[in-house]
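Coming up is one lone chain in structure tokens, specifically the form predicted alone.
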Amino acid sequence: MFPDYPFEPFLEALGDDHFADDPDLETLLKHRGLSDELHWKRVRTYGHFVGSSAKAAANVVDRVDTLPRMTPWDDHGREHPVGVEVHPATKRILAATLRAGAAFEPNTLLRYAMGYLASQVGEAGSMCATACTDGLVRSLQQLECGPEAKAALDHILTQAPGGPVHGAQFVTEVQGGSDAGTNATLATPVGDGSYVLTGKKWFCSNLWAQYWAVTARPADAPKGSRGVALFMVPREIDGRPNGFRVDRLKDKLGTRALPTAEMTLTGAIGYPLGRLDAGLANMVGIVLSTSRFWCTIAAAGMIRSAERIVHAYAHFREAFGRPIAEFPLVAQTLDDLSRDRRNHLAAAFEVLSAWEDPAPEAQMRGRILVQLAKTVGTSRATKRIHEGIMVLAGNGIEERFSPLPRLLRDSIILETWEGPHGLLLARSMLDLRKAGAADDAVAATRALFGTLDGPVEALGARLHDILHTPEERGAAVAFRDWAADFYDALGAAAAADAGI
């Protein structure tokens, strides 16, 4: 007779309200100034949605038999207006998330609190879409654009019935990868202010979005970064596909419910966003920076999800006569998850404050912090989720037992989205030099901490040595370690300042 071994206590401990079980989030939002009762009602409602309906849907959309699939033709042999189908549950999650305001709510404390909560069930085909929509909305609001782009903005913000209405961004080409200055997709002027785009894009995530931010090179533009312009491209015009072909879907390690494709633009009509010679700068400064911040807040959310699961399991599961939470290395893993979740959440909102500071002297701080946060936060999420899986042992690697395997795969994708570690760290070192850190590294470190108290002198001394290291590889490796230590210290200081 096999023993009866119910998992109900473990499952009940996971709960169904991801806001209610996170008092640190509430404390942090109050500390940061969230006060409107309607805002509080919305974030509470969304936390319950994530812990119940969204969680159940996320467990469905990442299975082999429910992943996105190419659909070049409709049921009557006509060219399909999207070229890909996603699971209905993905549509429901994204529609609810956009209606809640997670991509464009003016109060960004509320917006990114919802982002933190949303990420706790993994990407689920919707988190990237939300981040991309945020970046597209920001660009449509901040850059000079024509009536077609303004109509797209209105369509996104109103979220008319039949949604979700969302955005995507297509930058990468096969020959350049992160070096977008090598983009070769051609933009030919039509004469009415629009352009015809032709060329191939190598990574096109969230393909099914109605509106795309696309980089392309105008026919008479110079080589290099200043020759790359930014365009708003509708997926459809008058109900017909707007000059594109889906070549194939990427078979990705993670974020599998999100359709990512290789695409050929065969004459897509696009409308300029901002100055043509500032397209790449605007794409990086607005759209990609937004996605990088989303990676940061999502990484904190994924650590929170792992913390919740591992804590529940470690106090439920017994081995050798006692709960495994009492074993030293399991206890250490629990402490590491709790500390990093708390500190990285606090750090993310400090980064948000810096990134949104309009003062000219604050721009460099915000830019550097976003880059460092994305790099350190995402790599830490992968590490902590992996360690959490080890606590669950065999149950940890079973796809149906918990979302931890999915979270691990998704966290690795977070690491690769919008610039790999090496690129962002090299960019951060260059920015620090531009900010005068080679001359006064302590002052530069103090500026990065802002008003927070941290180990400025020690970190500043290390940064000075790094920036004066003549050997390039040695300096890069040392800076990578410095970045992790700095971000941990920033998070600890922000958490202490908020009282969490």
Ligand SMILES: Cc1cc2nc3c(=O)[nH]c(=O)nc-3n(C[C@H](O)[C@H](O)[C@H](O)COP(=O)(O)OP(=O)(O)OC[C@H]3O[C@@H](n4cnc5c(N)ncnc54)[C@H](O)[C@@H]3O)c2cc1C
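Bear in mind the structure is a predicted one, so any value in this text is a computation, not a measurement. We number the residues from 1 along the sequence you see.
Just so it is clear, the following notes concern the form predicted in complex with the named molecule, a form of the same protein that is not shown.
- Interface membership of Phe104, defined by any non-hydrogen atom within 4.5 Å of the named molecule in the model of the complex, is ruled out.
- Mapping the unseen interface onto this chain, Gln169 counts among the residues with a heavy atom inside 4.5 Å of the named molecule in the model of the complex.
- Put simply, Ala95 is far from the named molecule in the model of the complex: not one heavy atom of it is within 4.5 Å.
- The named molecule in the model of the complex comes within 4.5 Å of no heavy atom belonging to Tyr195.
- Just one of Val391, Val246, Ala89, Ile413 comes within 4.5 Å of the named molecule in the model of the complex, counting any heavy atom, and that one is Ile413.
- For the candidate set Gly419, Gly274, Pro403, Pro218, a heavy atom within 4.5 Å of the named molecule in the model of the complex is found for exactly one residue, namely Gly419.
- In plain terms, the part of the chain that comes close to the named molecule in the model of the complex, with a heavy atom within 4.5 Å, is 173 to 181 out of 173 to 181, 222 to 230, 79 to 87, 96 to 104.
- Residues Thr255, Thr260 of 255 to 287 are found to place at least one heavy atom within 4.5 Å of the named molecule in the model of the complex.
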